[in-house]
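Given as structure tokens, the chain that follows is alone and in the form predicted on its own.
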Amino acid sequence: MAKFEKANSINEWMDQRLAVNTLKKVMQTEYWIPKDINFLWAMGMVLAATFGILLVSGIFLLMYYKPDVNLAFDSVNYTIMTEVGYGWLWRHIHGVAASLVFLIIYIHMFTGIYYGSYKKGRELIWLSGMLLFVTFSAEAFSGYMLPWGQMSYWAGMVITNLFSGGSLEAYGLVEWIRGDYVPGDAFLTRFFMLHVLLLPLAIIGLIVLHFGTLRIPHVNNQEGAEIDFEEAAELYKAGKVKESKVIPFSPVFLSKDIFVMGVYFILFFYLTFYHFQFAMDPVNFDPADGLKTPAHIYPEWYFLWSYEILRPFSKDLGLIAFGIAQVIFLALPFLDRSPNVAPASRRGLFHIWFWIMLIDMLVLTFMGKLPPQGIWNTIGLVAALTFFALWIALPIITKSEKKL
């Protein structure tokens, strides 16, 4: 009893100074979630948890990593992997999490597209989410440089060359980014700083923004139905749970999130212990050598679709296509002209558009790993043209969509 009174007094003391009870209501018990949503809505929490794992594992790796071109490779592949107790485990955790975080992002992203969660007042949710995707991409690229293996070096060389602007030949800008004519010590330390400080801070800020934009217009639901959240919340508080269309975020919906995360972490640690190789490129186990170009340079799997859009075209056209591909998803709320907030299965032509887009991006991903020659180059070109044709067709097919 004394412990309860002490805890209550601490809570009261905190509430007077930080309004913790009000914050708890706003963020948890008074934050209402539609009842008819499935496990795919838990991907946001899974993503946040995976980012947390990346932060923690990154801190442990940071203790032994050396951001120096003469020491970086050995600090990762020898010191961390063989000399530090459980260093191999932290590296595997970090590598697997860095790969799986993009799988979760893509699932989360296409779930939003399928259910129209970017429409009718939810545009800022989508825009903040896509900014998170771009920032995560920059974070992943900067991290890929740090082991300073062959693919780190040459991927850095290829990607920074894109800033030359094709025929503009702005190589002065490229050299400014690298800090040298080729990737070297300045390049490595700059990307190290981005990876461990600036980009994580940006991601944390954007997660807060994303949650804020999600909190105000409320979460979408499977049917895209309009819900009077105040009325539904009153029904729930009155004990009419079956009649109410909403549930509180905490503890009801949060328990569902935790269950999905439990299943996810079984998969996560299975991959960490038994199949971590998928997150480690074998070419990157060779030290960086500026005089020995790999036979086939390619990025990690989560960048392959946009990389394949770049390859089939000429230098200038490819660069333009690549640039458009990086930002086009930001324009989705404005290109979809349909008045309907409904799942794709109820939206006629948009349903077909969605599945063609998903299949096309998978094809682009597979082609991006293969050498650009023969039939693979032809398939890549067709897939890239299909990607842009789909975006051109989107406003046309959605504008003619009848109101449900």
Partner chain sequence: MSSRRDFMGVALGGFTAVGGLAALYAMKRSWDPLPSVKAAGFTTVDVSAAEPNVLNVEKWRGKPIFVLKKTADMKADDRDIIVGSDRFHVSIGLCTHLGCIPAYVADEFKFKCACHGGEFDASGHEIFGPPPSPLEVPPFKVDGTKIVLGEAGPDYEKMLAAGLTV
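Quick caveat: nothing in here was measured; it's all calculated off a predicted structure. Positions refer to the first chain, counted from 1.
If you look for the form predicted together with its partner chain, you will not find it shown, but the lines that follow are about it.
> My question is simply whether Lys315 lines the interface with its partner chain in the predicted complex - judged by any non-hydrogen atom within 4.5 Å.
Lys315: contacts its partner chain in the predicted complex.
> Wondering, does Trp148 line up within 4.5 Å of its partner chain in the predicted complex on heavy atoms?
Looking in the predicted complex, residue contacts with its partner chain do not include Trp148, since no heavy atom lies within 4.5 Å.
> Please determine whether Glu230 contacts its partner chain in the predicted complex, using a 4.5 Å cut-off between heavy atoms.
Residue-level check for Glu230: no, no contact with its partner chain.
> Hey, in the predicted complex, does Tyr86 get a heavy atom within 4.5 angstroms of its partner chain?
Tyr86: no, not in contact with its partner chain in the predicted complex.
> Given a 4.5 Å cut-off on heavy atoms, tell me which of 216-224, 178-186, 243-251, 89-97 is the interface stretch with its partner chain in the predicted complex.
That would be 178-186.
> Is its partner chain in the predicted complex near all of Tyr171, Tyr307 and Arg311, within 4.5 Å of a heavy atom of each?
Checking in the predicted complex: Tyr171, Tyr307 and Arg311 are all within 4.5 Å of its partner chain.
> Using a 4.5 Å cut on heavy atoms, which of Met81, Ile107, Leu162, Val134 is close to its partner chain in the predicted complex?
The option sitting close enough to the partner is Leu162.
> Leu71, Ile258, Met193, Leu330: which sits within 4.5 Å of its partner chain in the predicted complex by any heavy atom?
Of Leu71, Ile258, Met193, Leu330, the residue with a heavy atom within 4.5 Å of its partner chain in the predicted complex is Met193.
> Along 279-309, which positions have a non-hydrogen atom within 4.5 Å of its partner chain in the predicted complex?
In sequence order, Gly290, Leu291, Lys292, Thr293, Ala295, Ile297, Tyr307 come within 4.5 Å of the partner.
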